[in-house]
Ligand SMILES: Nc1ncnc2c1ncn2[C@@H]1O[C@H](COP(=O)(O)OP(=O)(O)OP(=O)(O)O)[C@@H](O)[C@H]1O
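Take a look at this one chain, the form predicted alone, written out in structure tokens.
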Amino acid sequence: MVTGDRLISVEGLVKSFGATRALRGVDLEVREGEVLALLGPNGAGKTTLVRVLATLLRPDSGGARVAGYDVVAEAEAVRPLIGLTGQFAAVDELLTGRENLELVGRFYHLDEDERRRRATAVLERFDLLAAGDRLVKTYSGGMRRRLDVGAGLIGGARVLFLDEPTTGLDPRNRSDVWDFVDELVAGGTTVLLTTQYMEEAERLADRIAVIDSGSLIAAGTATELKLQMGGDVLEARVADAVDLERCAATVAAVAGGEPRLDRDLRTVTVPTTGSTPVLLAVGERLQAAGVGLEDLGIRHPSLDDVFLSLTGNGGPPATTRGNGAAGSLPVAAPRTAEQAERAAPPPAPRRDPVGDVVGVTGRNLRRLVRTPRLLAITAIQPALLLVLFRYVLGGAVHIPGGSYVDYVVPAVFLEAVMIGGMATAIGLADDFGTGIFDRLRSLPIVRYAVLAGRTLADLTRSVFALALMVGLGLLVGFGFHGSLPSILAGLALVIFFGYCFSWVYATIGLLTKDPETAQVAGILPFFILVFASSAIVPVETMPSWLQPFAEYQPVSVTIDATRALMQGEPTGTWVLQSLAWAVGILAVFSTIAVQLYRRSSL
């Protein structure tokens, strides 16, 4: 179904990563209801182009529009119209298959009944209904890939980006995906497909564009591209691989073209226009040279021949026959009034910031509940610190007018929520590695929802760790001496500071993009602020050069305020200083994190 109405328009798109130029002035148009296959070798720029169109990357220059909307300036209007399936299965293994699909449906702002209906339909279509309520971590690789493709379809996208969607699928499941794409296109969906499978491109695509080294070098239908070979293809298969080079030299000398060797299949192929006379001459020369053959023949060129000719030995042609200039697809015909009416911009996308945050928070809380060992690890670290401070250092540190237990335990409360907050950095970095981050960024949700939902879910982990530390503190002799409102205020202050500080960890996760690196980097601010504070020893016992920093830094004033509240002592300005620090940290690092989220790329 091709209506002729332009739905994707790319003009002069340029994108570089350092010294690597991924896109070099790409021009491209895709018409409504069309399947365009984007072919090219690894590193050609296919995925970069998809990421720009899916609002995940900002181009350095040039422009791109989807359904008339600029992918940079009007990204919020683009996202409700698109679906994205990346190169890797971006599904959450700690959710069920159904939960993954319904979560995506929620971010398209479908009501509960509709997202359940669509999730069931996708599970049925991809033969996953029986496994729909199992955790994805129990799925095979093929099942995960099918679920990932289904997630890209759950929103009823007008434009669907499929980045090598059938990689890793067996022939049956690949055929199922193809059939589903056919159904979507019949219903009016426009598809931009990147693939390494020539058969897939020829089976699905109305038109094919070939990209190499960041430039679009040819475009047209499969038939038009095959015509560029200039005729048929002569293919010789040698009986012994040692004769492959001699065979190639002989074939090149007779046929006059540049031969292509396949050492695994022991074949030499070359474009030819002489057909039978050339075939006979090659056979005679090879026989005279003593080259044993298993097969020799003339065949029509395949899309593989075209692809390898354009991106490899043969080099790109100057023009695309029957399709205008190489490097661009034909401009669509002017729209009729009926087409213009049908393609009119849809209503402004619905925004539901609270629902988006709740959805992300719910996803992370499910992960938390389903990995109890992470809760245990969260509690073990501060518990070890408490035991160390209480039984190892407790006898060596003198606290004038009080006990060391009452001095150090409130500090451990704060340390517990700070350690729990590190999960924010690790979780965000993990989402980068699994591709979930890109999926979320391509969905029509408010930009801060992913970060706010992550930090709120990890706040639950911190509250859990704090509750355990309160119990453990009582067991080792800690005593609350303040009033109940004062004690609760102290605990609330700890939780609030911990939440605000989790945005520091969010920034670290977005900068590192790797769970192991995020964990190591997250320890650094924790180590500096805790051990250069009043957490373990009074500030006045520290070296004089360190005392000014230790006295006024945020962890010290929060710990001092917490101690005073829990012991019923005067708080002075500590509470106000702690709140000021917490609000300042939240304001600065949430702003940085959201900006990093907007601009981050893998």
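Residues carry their position along the shown sequence, with the first being 1. This structure is a prediction, so every number in the text was calculated from the model and none was measured.
Omitted from view is the form predicted together with the named molecule, to which the following refers.
*Asks:* Which one of these stretches, 6-14, 19-27, 574-582, 588-596, sits within 4.5 Å of the named molecule in the model of the complex when only heavy atoms are counted?
*Replies:* Stretch 19-27 is the one.
*Asks:* Only one of Thr361, Gln87, Thr512, Gln519 gets a heavy atom within 4.5 Å of the named molecule in the model of the complex. Which one?
*Replies:* Contact with the named molecule in the model of the complex is made by Gln87 alone.
*Asks:* Exactly one residue in Gly68, Gly568, Gly63, Pro41 has a non-hydrogen atom within 4.5 Å of the named molecule in the model of the complex; which is it?
*Replies:* Selected option: Pro41.
*Asks:* Contact with the named molecule in the model of the complex for Glu202, defined as at least one heavy atom pair within 4.5 Å: yes or no?
*Replies:* Glu202: no, not in contact with the named molecule in the model of the complex.
*Asks:* Answer yes if any heavy atom of Ser534 is within 4.5 Å of a heavy atom of the named molecule in the model of the complex; otherwise answer no.
*Replies:* Close contact is absent here: in the model of the complex, Ser534 is far from the named molecule, nothing within 4.5 Å, heavy atoms only.
*Asks:* Does any part of Pro59 reach within 4.5 Å of the named molecule in the model of the complex? Heavy atoms only, please.
*Replies:* Result no; Pro59 lies far from the named molecule in the model of the complex.
*Asks:* Answer for Glu164 alone: is it within 4.5 Å of the named molecule in the model of the complex, judged on heavy atom distances?
*Replies:* Output for Glu164 is yes: heavy atoms within 4.5 Å of the named molecule.
*Asks:* For the stretch 187-203, which residues lie within 4.5 Å of the named molecule in the model of the complex by non-hydrogen atom distance?
*Replies:* Stretch hits: a single one, Gln196.
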